[in-house]
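Only one chain comes next, encoded as structure tokens, the form predicted alone.
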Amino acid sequence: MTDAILYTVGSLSGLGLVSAFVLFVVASKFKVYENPKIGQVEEMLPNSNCGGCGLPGCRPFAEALVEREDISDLFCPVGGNDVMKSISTFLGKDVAEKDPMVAVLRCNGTCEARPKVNTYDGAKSCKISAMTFAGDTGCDFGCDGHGDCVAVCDFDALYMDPVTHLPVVITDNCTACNACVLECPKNLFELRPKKKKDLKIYVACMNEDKAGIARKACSHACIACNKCVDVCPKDAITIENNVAYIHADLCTLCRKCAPVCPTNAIIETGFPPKKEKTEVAPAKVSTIEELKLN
């Protein structure tokens, strides 16, 4: 009995040693070398793993930065230019400097502007409601207001306004990670340049219906009237699919378009209120008779 036990223990020990040796040989043969710089670059990144760089996390982004010769098309929106400059110095590679971006909501369909025509009783999810329901208002293009964008934001840069039932972007918190842009089933979010004092001008409407239908569904809908196009001195505004669009790279923020919009579909942020022009009374011209009396 004792010999059997010893034989069994010896056999298992031998099998374990052989297996360990085989695993060692295999591991040595197929060992994958990893550049230590990858870990160092990863430590320099914010490690938010938001995917705003276009890759699934900071680790793959660090690998791309180290392994690629040309990294001019790679950028971390959360870290911004400061982080990218540090990485550029560390790797000895040139990186492109980019202007900060911020998310904007291209919908101004508040509860007052876009009255409900029916009630949605399904799951409180924009994706589900967009697939199964046309919407509880007459606008099929507007925000459903269930807050999917807020749920995916890792930087507390979004919240749902209890009055308008629309998401609001907190510019100071927004890192342009692109999560809300990808999450919105109606493509209502867009990244636009974040200028000083949050100066922005954009059309907050995506309704592609013709003017009469769009205006009936929402009083703030763009009706493609061309008035903004006519007053723009830089040809920065175009109309496609019955909706005006302001091209940020051409817009000089002259503010000529917003006042002529009949539906207030153009949003301005960061600007001081415009001063109203005061009419100056014309100077009184004395008549010859009045001059004689004086």
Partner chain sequence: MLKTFPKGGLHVPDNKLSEKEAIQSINLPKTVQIPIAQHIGAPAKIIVERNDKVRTGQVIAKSSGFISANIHSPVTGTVTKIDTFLDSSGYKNPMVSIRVEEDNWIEEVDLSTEVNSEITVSKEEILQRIQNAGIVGLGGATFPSHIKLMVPEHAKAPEILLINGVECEPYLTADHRLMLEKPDEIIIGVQILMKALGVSRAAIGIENNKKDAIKILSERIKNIKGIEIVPLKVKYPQGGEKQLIKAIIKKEVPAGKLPLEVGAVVYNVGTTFAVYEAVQKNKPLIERVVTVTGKSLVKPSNFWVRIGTPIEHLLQAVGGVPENTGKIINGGPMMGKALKDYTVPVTKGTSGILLIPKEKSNRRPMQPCVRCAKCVDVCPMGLEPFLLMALSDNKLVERSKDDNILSCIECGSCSYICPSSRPLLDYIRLGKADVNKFLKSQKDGK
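Residue numbers count along the first chain shown, from 1. Just so it is clear, the structure is predicted and the values come from calculations on it, not from any experiment.
Omitted here: the form predicted in complex with the partner chain. The next part is about that form.
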* **Contact residue in the model of the complex, chosen from 127, 194, 93, 165 - any heavy atom within 4.5 Å of the partner chain** => 127
* To do: Note which of 89, 118, 187, 173 lies within 4.5 Å of the partner chain in the model of the complex, where distance is taken over heavy atoms; exactly one does.
  => 118
* in the model of the complex, which of the stretches 165 to 173, 129 to 137, 71 to 79, 197 to 205 has residues with heavy atoms within 4.5 Å of the partner chain? -> 129 to 137
* To do: Assess the spot marked by 63, 101 and 156: is the partner chain within 4.5 Å of a heavy atom from every one of these residues in the model of the complex?
  => no
* Should residue 213 be classed as touching the partner chain in the model of the complex when contacts are defined as heavy atoms within 4.5 Å? -> yes
* Asked: Is there a heavy atom of residue 111 lying 4.5 Å or less from a heavy atom of the partner chain in the model of the complex?
  -> no
* Asked: Does any heavy atom of residue 160 come within 4.5 Å of a heavy atom of the partner chain in the model of the complex?
  -> no
* Asked: Would residue 152 show up as a contact with the partner chain in the model of the complex if we use heavy atoms at 4.5 Å?
  -> yes
